[in-house]
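We begin with a single chain expressed as structure tokens, specifically the form predicted on its own.
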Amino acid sequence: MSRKAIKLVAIALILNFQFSIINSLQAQGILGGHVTGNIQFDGQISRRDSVIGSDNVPEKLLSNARADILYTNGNFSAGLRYEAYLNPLLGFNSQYTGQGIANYFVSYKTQTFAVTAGHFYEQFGNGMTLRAYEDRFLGIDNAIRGLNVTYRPWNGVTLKGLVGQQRYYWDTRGLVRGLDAEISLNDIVSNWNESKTRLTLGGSFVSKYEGDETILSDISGYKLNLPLNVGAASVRMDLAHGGFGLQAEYARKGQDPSIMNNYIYKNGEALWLSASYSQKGLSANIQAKRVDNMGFKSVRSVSGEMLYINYTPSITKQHTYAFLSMYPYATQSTGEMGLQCDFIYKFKKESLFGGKYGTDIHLNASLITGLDTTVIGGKGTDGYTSSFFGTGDTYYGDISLEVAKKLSNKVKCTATYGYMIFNPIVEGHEGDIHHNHILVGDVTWKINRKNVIRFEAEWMASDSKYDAAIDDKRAGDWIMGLVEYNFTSNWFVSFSDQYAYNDGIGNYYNISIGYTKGATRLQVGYGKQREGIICIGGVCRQVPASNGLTFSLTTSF
């Protein structure tokens, strides 16, 4: 038996052993409580492909695995997560290599009081001062290990306090402290209880502590005087009346020289605004933001995606179709301005444009630019000044129109047009701004209760051309086709192919088959993955090219 086969058998035995333990715990009902959880295993086998830039994988088999176990008993709960990266899938940082208990906690909650000790996730407001969260698909986990307390002394008043260190792969780094308060005026002011207007106010303060280190200034012989404690504060508002809504948050950060801003001392600030209106069949939303030097990490010398204390909300649409998401936008915490408008309308049934089943349209547009800045110095100075309302270079822009219509009880189709401009500078590259036109057609045919087939076709015309020196394999004009067939309610199979037919390089096919039974899902795929960036909510990571087999097993209990 080959080593690869032995390893797969070993993994299967481990998973079977874990299932046995879980079933035993459920049967026993430990101390009268309840045990739940989930297990996920992802594997990858990739081989060399010089055309797409896929390298040999020395280990042959790469795998990410995790098991989350949660025990609850009344107001008490406790949990742990076991993780194994042996070795990590392509695109995940090699520092994840290893296995062990990566997350554990105990918690006690009542209607007025909650306390968690161990690892926890938390967010204040929109996250501009603090957001501890996990995204397993991006390989990001900045959980805080420490103490988190929530207290509700009166109806409508919520107070939070926390202290701890952030997860850094298999270690913890930094020291983070935070306070947050939120007040619902309608709940605490008796005359406002029945008001159609609702107002909630909030505020937070977060600080980090980090010891001194030697960082030399641009002036020879001088060492930077680094702040050991850095604070960030924010205020927020949520106002609603009928179908109208208005949300706003403003955050400000003290002097925080770090590798992200080239160790300058300029204060940071961020403003986020959102106005919305909704009624039956109609919704509209407009968002705006301005971010200036707002990157906030618990360790000043760490680059990359780890150890972020805060989060800057993305105001670009999170596209799901392949070509519309080929050039995703990564939020620029060092400085950006943005505007997004979103409009959804449903034409009524039996109307001129609605027809027999009605018609849905979704129009979205966004524009992100840099700041209008003037450089005044380098490392050890304020770095630059910026005009609050001035704009700099265009970073990203897109507009998309999606029309969805049900043609019959069994057939539904969606047509989408998108236009996108993308500046490579946001990914740290040079080059001209790309202009892309994208068309998407999507048809779903429900053959019967258990059998559904979906067809998808995409086309993208771009003024970008493949340049070996830059090696951006997204360049050029592309076409794509996909067929997905779901049958017997349990099985599905799909085949897709993306082909750069002009001024580009690569032919990326993929076939996958999956089986679902209850809470368990198994999927196996074979094909090619293009090198590029994947983003979720404005947070991104680089994914290398791959050519080979992928498989995934998930289950919950």
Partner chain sequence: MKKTILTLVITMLAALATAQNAKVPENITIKTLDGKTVETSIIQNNGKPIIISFWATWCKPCNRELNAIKEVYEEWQEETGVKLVAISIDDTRSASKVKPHVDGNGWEYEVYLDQNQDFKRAMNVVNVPHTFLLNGKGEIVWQHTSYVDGSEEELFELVKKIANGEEI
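Numbering follows the first chain given and starts at 1. Given the structure is predicted, the values throughout are model-derived calculations rather than measurements. Between two forms, the rigid core is defined as the largest C-alpha subset superposing within 1.5 Å.
The following text describes the form predicted together with its partner chain, which does not appear among the structures shown.
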| property | result |
| --- | --- |
| Non-hydrogen atom within 4.5 Å of its partner chain in the model of the complex for each of L282, E402 and G518 | yes |
| Heavy atom of H34 within 4.5 Å of its partner chain in the model of the complex | yes |
| Residue contact check: P424 to its partner chain in the model of the complex, 4.5 Å heavy atom | no |
| Contact of G537 with its partner chain in the model of the complex (heavy atom, 4.5 Å) | yes |
| Contact label in the model of the complex: L80 to its partner chain, heavy atom within 4.5 Å | yes |
| The unique member of I513, V57, I505, L70 whose heavy atoms fall within 4.5 Å of its partner chain in the model of the complex | L70 |
| Position in contact with its partner chain when the complex is considered in the model of the complex, options D218, E134, D372, D471, heavy atoms within 4.5 Å | E134 |
| Stretch in contact in the model of the complex with its partner chain, which is absent here, among 209 to 217, 309 to 317, 261 to 269, 431 to 439 (heavy atoms within 4.5 Å) | 309 to 317 |
| Sequence-ordered residues of 439 to 473 touching its partner chain in the model of the complex, heavy atom within 4.5 Å | T444, K446, R449, K450, V452, R454 |
| Per-residue C-alpha change between the shown form and the other one, L549, threshold 2 Å, rigid core fit | no |
| CA-CA separation of V543 and S333, closer or farther in the model of the complex than in the form shown [shift of 3 angstroms or more] | farther |
| Cα separation of D382 and V539 in the model of the complex versus here, shift of 3 Å or more | farther |
